[in-house]
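This document starts with one chain, in the form predicted on its own, laid out as C-alpha cells.
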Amino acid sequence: MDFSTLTLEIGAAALALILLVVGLFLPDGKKGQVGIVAALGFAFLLVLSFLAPGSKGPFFMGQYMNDGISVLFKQIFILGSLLVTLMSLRFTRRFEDARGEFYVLLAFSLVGMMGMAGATDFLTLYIALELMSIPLVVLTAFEKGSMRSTEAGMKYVLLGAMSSAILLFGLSFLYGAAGSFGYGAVMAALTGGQTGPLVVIGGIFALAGLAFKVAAVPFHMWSPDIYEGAPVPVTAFLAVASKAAGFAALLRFFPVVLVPLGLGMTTLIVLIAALSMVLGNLTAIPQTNIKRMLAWSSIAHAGYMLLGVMVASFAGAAALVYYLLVYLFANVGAFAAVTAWSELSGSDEISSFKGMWKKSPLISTVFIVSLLSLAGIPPAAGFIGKFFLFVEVAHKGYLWLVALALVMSVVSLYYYVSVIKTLVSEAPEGETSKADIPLALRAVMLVSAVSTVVLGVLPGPVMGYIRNILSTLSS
C-alpha cells in the first residue's frame, strides 16, 4: 500500500482534525479564526493538488484508485470548499458557540467526496458517500433557531437514508452475481454473461441511489425544499461540490458496471437526463424564491451533465469535468450574490431583488454573469461547456437528445432573464441601505465572475489541462 496515493485525502483529513483542535482551544471571541485557518488549509490543498496530486495507481488491493478522473474531481471539490469557506466567514459570526464546527464538517465532507471520486469498490463507495452525507445533514440544519433549516435537515436525513438503502439493495444483487465488491470483478462477471433479471434490477436500484445524490428526476424532490431551508453557503456547497461527487461516482460506475448490462441501462440514463432537463426547466419558471429557482435549475443541469456520463468515453469525461468546473463558478457566483443581497434585504424572494443594480452594481454584475452562464449565453462559460457536451452526445448519435437539450436551454432563458429584468429595470423596494460586502465575499464574487468569463473566452488551456491529466494519469 503506497500511502502517497492518498496525499490529498490524508491532507484533508488532517485539516479537519486540526480545525477541530484549533476550535477547542480558541476562546469564544476568537472562534472566527477557525474559518481563516480552514481557508488557508483548503488553499494549501488546492496548490498541493497541482504540484503533488499523489502517486498514480490503485491502493489497498484495488479498492481505491488515484488516476486522472479522481485528481480532477478532487481539485473541483477543494476549490468548491475554499470558495464556500470564504463565503461563510460572515455567516458563521451568528454561531459564536459553533463557528469552528462549521468548517470541521466542511472538511470531513470533503474527505468523503474525495473517497467517492476514487472508489473502485462498492464498500469504499458507500463509506465515502456516508462520510460526505452525514456532515452535510448537520450543515443543512446548522441554523438551530430556524424552523426551515431544521426541517431541511430532517428531510435530508430521512430521504438520504432511503436513497442509501436503495443503493445498498442494488449493490447486493450485483455482489451476488459477481461474488466481489470490486468494479473490475463485477464488470468481468457481467461481461461474461451473468446478466439475469435480478442483476438488471440491482443495476437499476444502484443507479437510482446515485441519481438521488445528483438530484436527477425522478429522485429530485428533496432538492428544492433542502436548498430553500439550508443556509445559503451550505446550499452553494450542496449545489456544486456534493453534486460533483455524485457525478464522480457515476462516471466510474456507469462504464464499468452498467454498460455491460446492455442498451437498456443507457436508455434509462437517457430517459433520466431528458426528464431532468424538461421538468427542471419548466418547474423553475413559476418559482418566486431564488433558492428554489436555482434548485430546479440545478435539477435541469443534472440532466445536461448526465449526457456526459451516458457518452462513456474519454472525450465525454473531459467535457463533463469542464462543465462541472463552469457550473461551479456560475453557482458559487450566484449564491455569493444571493448571500450578499439577502443580508441587506432580509429575504430570498425574487421580488426583493428589485433595484439591486442601483444599490450594488458589483452584486448585480456578478449575479448577471452567473445567470447568463447557467443559461448558456456567450461569452459566459456556460455556452462553451454545453457546446463540448452536446458535441459528444451528437457524435454518439443522439441528435434528438441534443435538440431537446437546446430547446430546454432556450426555455431556461425565460426565468434567468426574468430575474435579471427584476434587478435591473424595476424600482427598489423599501429603503435598503448601500451594500457593505465583506472582503472575503467580495473576493469570491470577483473570482467567480472573472473565471466564468475567462473560461468562456479562452477554454483551450483549461480543456487542454483536463485532457492531459486524463490521458497521462489514467493510461
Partner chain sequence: MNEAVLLCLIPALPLVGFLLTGLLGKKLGRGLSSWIGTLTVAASFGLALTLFIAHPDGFAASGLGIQLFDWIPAAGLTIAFGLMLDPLSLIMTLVITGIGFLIHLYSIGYMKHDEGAPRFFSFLNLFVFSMLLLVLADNYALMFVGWEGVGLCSYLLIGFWFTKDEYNAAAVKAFVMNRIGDLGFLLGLFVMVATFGSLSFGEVFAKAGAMEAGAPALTLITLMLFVGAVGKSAQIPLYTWLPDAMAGPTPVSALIHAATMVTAGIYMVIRSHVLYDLAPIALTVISVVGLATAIWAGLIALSQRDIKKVLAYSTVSQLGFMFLTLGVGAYSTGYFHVFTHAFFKALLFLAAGSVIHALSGEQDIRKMGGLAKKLPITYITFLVGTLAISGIPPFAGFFSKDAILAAVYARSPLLWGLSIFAAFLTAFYMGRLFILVFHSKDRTTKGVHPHESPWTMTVPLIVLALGSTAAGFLGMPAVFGVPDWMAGFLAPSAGEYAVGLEEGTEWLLMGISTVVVLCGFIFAVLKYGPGKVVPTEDKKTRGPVRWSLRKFRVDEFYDALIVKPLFALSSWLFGTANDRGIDGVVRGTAGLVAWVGGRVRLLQTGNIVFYLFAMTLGVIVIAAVAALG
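Residue numbers count along the first chain shown, from 1. Remember, predicted model here, so these are calculated numbers, not experimental data.
Same protein, other form: the form predicted together with its partner chain, not shown, and the subject of what follows.
Of the heavy atoms in Gly192, none are within 4.5 Å of its partner chain in the predicted complex. Within 4.5 Å of some heavy atom of its partner chain in the predicted complex lies at least one heavy atom of Glu392. The closest heavy atom approach of Val402 to its partner chain in the predicted complex falls within 4.5 Å. Interface membership of Val410, defined by any non-hydrogen atom within 4.5 Å of its partner chain in the predicted complex, is confirmed. Comment: its partner chain is not present in this chain, but in the predicted complex one of Lys359, Arg292, Arg90, Arg252 has a heavy atom within 4.5 Å of it, namely Arg292. For the options Trp341, Phe247, Phe102, Trp296, the residue carrying a heavy atom within 4.5 angstroms of its partner chain in the predicted complex is Trp296. Residues with any non-hydrogen atom within 4.5 angstroms of its partner chain in the predicted complex fall in just one of 366-374, 239-247, 345-353, 72-80: 366-374. Residues Phe387, Val457 and Met463 are all found to lie within 4.5 Å of its partner chain in the predicted complex, as judged by heavy atom distances.
Applying a 4.5 Å heavy atom cutoff to its partner chain in the predicted complex picks out no residue from 331-353.
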